[in-house]
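Here's a solo chain for you in structure tokens, the form predicted on its own.
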């Protein structure tokens, strides 16, 4: 019986061309978040089960979590998100850290769910969190950073929209229509699916759940159209102010009462970024404020706001909008040795590598045509032919395999050609 060649369902193999895309995206992510003053951290792949059970939500814990009992009888889980881990880390050094604290990571995460477009069981995710600021400026910074990432990747602000809401405003709604905690959770579960349903389907679910009094709230086009007195509440005023500030700095942010976010730990501002393109019309990523999560670890709470951006939906967005550039092989040159010159060529090869040229060597005894075909197939653009005559003259033949053009160049000329400028 032969072993399967396919990866585990819901995961991906990353061949070099796939890894180049990932490296490109991650480099852009790091560049933008570090420009806002954020520093990278990491945490273990495994966490105690109770870290997620406390506040991550029933769906994630009961249906999506990869969990098991280790040999010591401890119940552990493979991380499905990073927010509980970073909250644990901050709680562990609550008094030592300098606030405001700006942290980010790009870990791989696991969730047991049905694989579909934009959702896999394993994915990588940018996580950005700002600790220690309890006013709206932190929410503005986080949302502005999310917007800056998409723009740095070449997106136009008219290709996507950032939909914003407030969990505090939703709690005001609960109080206004006298919902119990269980009924409020049921309402949030239905509302969280609103953008995936037609208006009639949404209304039907609301009516069947006996939540008719909430309908006007979820169909308010703007904050001032919310039912009174919600439209004049402090929460509505703060939300309206945030959106105005974001619009002023060029962020395409709008109010959407249907944005709820599934995690139980959100406490106020929440947001999701939506793609406008029909082929990829969906929520791509989001986040919000979660002021109480650090406090679950037995220390004083820290006001916190953050977001997570998955690599799968981000790549789908870039492909859909034709924003991925051509990404050449990391190998600049394939050196094709002609004859038994391996030892003699080492000085030239070492000199090129020390000067920053990435060079692969084909010292096989295959025919020259086969070596050239191999270089082309590997994705290398240039071939460098090195034989006894080239070593004697100090002039090496460099061929552009894309254009077929060939030059005879000295080592310094080759080094200058491939010099990597910052």
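Here the structure is a predicted model, which is why all the values come from computation and not from measurement. Residue numbers count along the first chain shown, from 1.
Keep in mind the form predicted together with a further copy of the same chain is missing from the figure; the text below concerns it.
Distance criterion of 4.5 Å from any heavy atom to a further copy of the same chain in the model of the complex singles out 329 from the list 283, 201, 222, 329. Put simply, residue 117 is far from a further copy of the same chain in the model of the complex: not one heavy atom of it is within 4.5 Å.
The closest heavy atom approach of residue 276 to a further copy of the same chain in the model of the complex falls outside 4.5 Å. Residue contact check for residue 324: none of its heavy atoms lie within 4.5 Å of a further copy of the same chain in the model of the complex. Although the partner is absent from this view, residue 9 contacts a further copy of the same chain in the model of the complex, with a non-hydrogen atom inside 4.5 angstroms. This chain is displayed without a further copy of the same chain, yet in the model of the complex the stretch 345 to 353 from 181 to 189, 156 to 164, 259 to 267, 345 to 353 comes within 4.5 Å of it by heavy atoms.
Looking at 131 to 152, the residues that come within 4.5 Å of a further copy of the same chain in the model of the complex, counting any heavy atom, are 137, 140, 141, 144.
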